[in-house]
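Shown next as structure tokens: one chain only, the form predicted alone.
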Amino acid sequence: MNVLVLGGGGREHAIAWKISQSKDCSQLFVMPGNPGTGRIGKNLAGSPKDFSKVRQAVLDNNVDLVVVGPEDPLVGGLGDFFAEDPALKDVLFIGPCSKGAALEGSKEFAKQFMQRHSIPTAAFRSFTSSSIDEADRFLESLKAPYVLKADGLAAGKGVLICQDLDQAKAELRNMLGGKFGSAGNTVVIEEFLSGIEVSMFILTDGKDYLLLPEAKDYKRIGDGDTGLNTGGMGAVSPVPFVTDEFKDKVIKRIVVPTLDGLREEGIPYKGFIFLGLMNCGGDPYVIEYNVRMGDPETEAVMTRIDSDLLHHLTMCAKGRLGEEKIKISERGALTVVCVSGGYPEGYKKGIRIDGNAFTSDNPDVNIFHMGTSLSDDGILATSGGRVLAITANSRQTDCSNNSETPSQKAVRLIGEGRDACYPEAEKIRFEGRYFRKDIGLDIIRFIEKG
């Protein structure tokens, strides 16, 4: 099969890396890709948001399957574009139509969808500039902290958590006044949920689904979850509190009602669904839906799928996912993100990267490119705030003779991931390079405290 992956970040690098391992993959293309994907496939010039460019790439390269990485083209209707074009309608496509993509494209739609289908989530109301007084009264009825979400896509920055009522009212006005552009024309105000966050993922053809490995990501820039929110500074998988019992609750209370709801509302869906969850005393609540994989969670998750991802994707696009079985590795994965100095605020681009940022001498380590560029003379440089995602897997262990408790196993998996990942991060050097030193430590400390 000829496969086209759309996107150019670490998520797409990890997906392309996994697809490239399939015996069914004849040629792999990535648009626009990055220096990392250029090592495993052919990068194509163009933006995933340029539908005519995507169309031409598919036709020129006899592409059989398209996998969409980022949310923007999906929310913009790329799935509909393929379905309606006679030359593209038979190309296998992973990603929802625009109606399905509204689960991520509109926070208001997603919350109302959950409400309609009795999917557990925080209490909420949505407001516009014409109802700001009503919004103030709703804020006054809640207890701190206060959660404000821009309705539309805001590059992962549209969620604010305010500790003070006056601050919440001020930020509400900023959002409605254009802080996030048109994405903030409507603001969803939510009750704050207290618990531990986890990211869970399914691949679905609208009827059946495969449950992928879960992950926990780290949003804050500083150790100890301090400082500004980012796109993600690291991730771990598996997550110890995601027990079989918790998974069963997620499936019965969230996954099945979500798929039933999509079918009831006549929304076809073939692709990934990211479930941003809060574990509140052992019960899962949905914080948000995404209609694609997360980043940097994908960089950890893909290394734990032992079955053929391309085959799963193909059967998904054909509506035959019920015939598939996914195989998940017993090994853990830990991802550390190296970022440019100043991120998530102002940062420099074009800084030379020294050290081997393509491969590791350690077979348990993979390096995924998030924001890099390669000059004509072969010099690798930074091109974004998040630059590289270094992922390490724990060592292979003979489980048949393993007497570890689940807690001991979790500590071992994370510890081995840290031991492999951090030395690799230290080898890669560029001016202003920064990474968190504590990825996974919170879980180890929590387990050790009992």
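Being a predicted model, the structure only gives us computed values, none of them experimental. In case it trips you up, residue 1 is the first one in the sequence shown, and so on.
Beyond what is shown, the protein has a form predicted in complex with adenosine monophosphate (AMP); the following relates to that form.
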Requested in this report: Look at the stretches 88-96, 311-319, 188-196, 348-356 and give the one with heavy atoms within 4.5 Å of adenosine monophosphate (AMP) in the predicted bound form.
Outcome: 188-196
Report task. Quick one: from 219, 249, 179, 117, grab the residue that has a heavy atom within 4.5 Å of adenosine monophosphate (AMP) in the predicted bound form. Result -> 219
Requested in this report: Taking 4.5 Å between heavy atoms as the contact cutoff, choose which of 326, 365, 162, 278 touches adenosine monophosphate (AMP) in the predicted bound form.
Outcome: 278
Requested in this report: Spell out, yes or no, whether the shortest heavy atom distance between residue 369 and adenosine monophosphate (AMP) in the predicted bound form is within 4.5 Å.
Outcome: no
Query raised in the report: How about residue 147: is it within 4.5 Å of adenosine monophosphate (AMP) in the predicted bound form, going by heavy atoms?
Result: yes
Query raised in the report: Do residue 80 and adenosine monophosphate (AMP) come within 4.5 Å of each other in the predicted bound form, heavy atoms counted?
Result: no
Query raised in the report: residue 374 near adenosine monophosphate (AMP) in the predicted bound form, any heavy atom under 4.5 Å?
Result: no
Report task. Let me know which residues along 375-395 have a heavy atom within 4.5 Å of adenosine monophosphate (AMP) in the predicted bound form, or say none if there are none. Result -> none
